[in-house]
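Heads up, the chain below is alone and in the form predicted alone; it's given as structure tokens.
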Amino acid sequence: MERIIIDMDEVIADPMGEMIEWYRREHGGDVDFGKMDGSWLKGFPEKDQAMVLERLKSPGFFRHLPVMEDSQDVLRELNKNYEVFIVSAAMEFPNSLKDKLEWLADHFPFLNWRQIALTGSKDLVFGDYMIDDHVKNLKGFKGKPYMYTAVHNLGVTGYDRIGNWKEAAKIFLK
């Protein structure tokens, strides 16, 4: 059975959308999507970036993130036809470990704990395919990499892209 490695943040969970909504609601600020090349943190005003980063590091932030549209239905079907693993580089935000595990259990209950890897480096994983929004995770991958399109990676070239989960279904659920 072929193996698909799937990233969590900005692929099946929406931390950027949650952060922008919080920032607008709590601080009345706005973001500049044009500055998000490489990192969506850059889109926040420079004076507030440290505050945004602290919120990312806080307990509970990753617990209640919105789910990316159609990801649950498509992953449920992928799980029937592939070895699916959710691999998230969570060590940068240690408080996210429990949050991410509980979030996955709530929103993707058809995945078992053996299909989840919360790690510091995705260089440790192998598979036939990887879906991720960061080039740093895709460039050393030995299988077929797919760039999941996000505002921070629009300038990245050299990868086949997946723009949403309906597109992923067309690729993997033929």
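The shown structure was predicted, so the numbers you read here are calculated from the model rather than taken from an experiment. Sequential numbering from 1, following the sequence displayed.
The next section is about a form of this same protein that is not shown, the form predicted in complex with another copy of the chain.
From the candidate stretches 41 to 49, 63 to 71, 110 to 118, 23 to 31, select the single one in contact with another copy of the chain in the predicted complex, where contact means a heavy atom within 4.5 Å.
Comparing against another copy of the chain in the predicted complex, the contact stretch is 110 to 118.
Consider the chain as shown here, without its partner, and state which of 53, 105, 135, 125 has a heavy atom within 4.5 Å of another copy of the chain in the predicted complex.
It is 125.
Partner proximity in the predicted complex: residue 85 to another copy of the chain, non-hydrogen atom cutoff 4.5 Å:
Heavy-atom contact with another copy of the chain at 4.5 Å: present for residue 85.
In the predicted complex, is there a heavy atom of another copy of the chain that lies within 4.5 Å of any heavy atom of residue 95, even though the partner is absent here?
Judged by the heavy-atom cut-off of 4.5 Å, residue 95 is in contact with another copy of the chain in the predicted complex.
With heavy atoms only and a cut-off of 4.5 Å, decide whether residue 139 touches another copy of the chain in the predicted complex.
Outside the cut-off, so no.
Considering non-hydrogen atoms and a 4.5 Å limit, does another copy of the chain approach residue 78 in the predicted complex?
Contact check for residue 78: no, nothing within 4.5 Å of another copy of the chain in the predicted complex.
Please tell me whether the candidate spot formed by 5, 91 and 101 is one where all three residues come within 4.5 Å of another copy of the chain in the predicted complex (heavy atoms).
Every residue of the candidate spot has a heavy atom within 4.5 Å of another copy of the chain in the predicted complex.
For the stretch 148 to 162, which residues lie within 4.5 Å of another copy of the chain in the predicted complex by non-hydrogen atom distance?
Not one residue comes within 4.5 Å of the partner.
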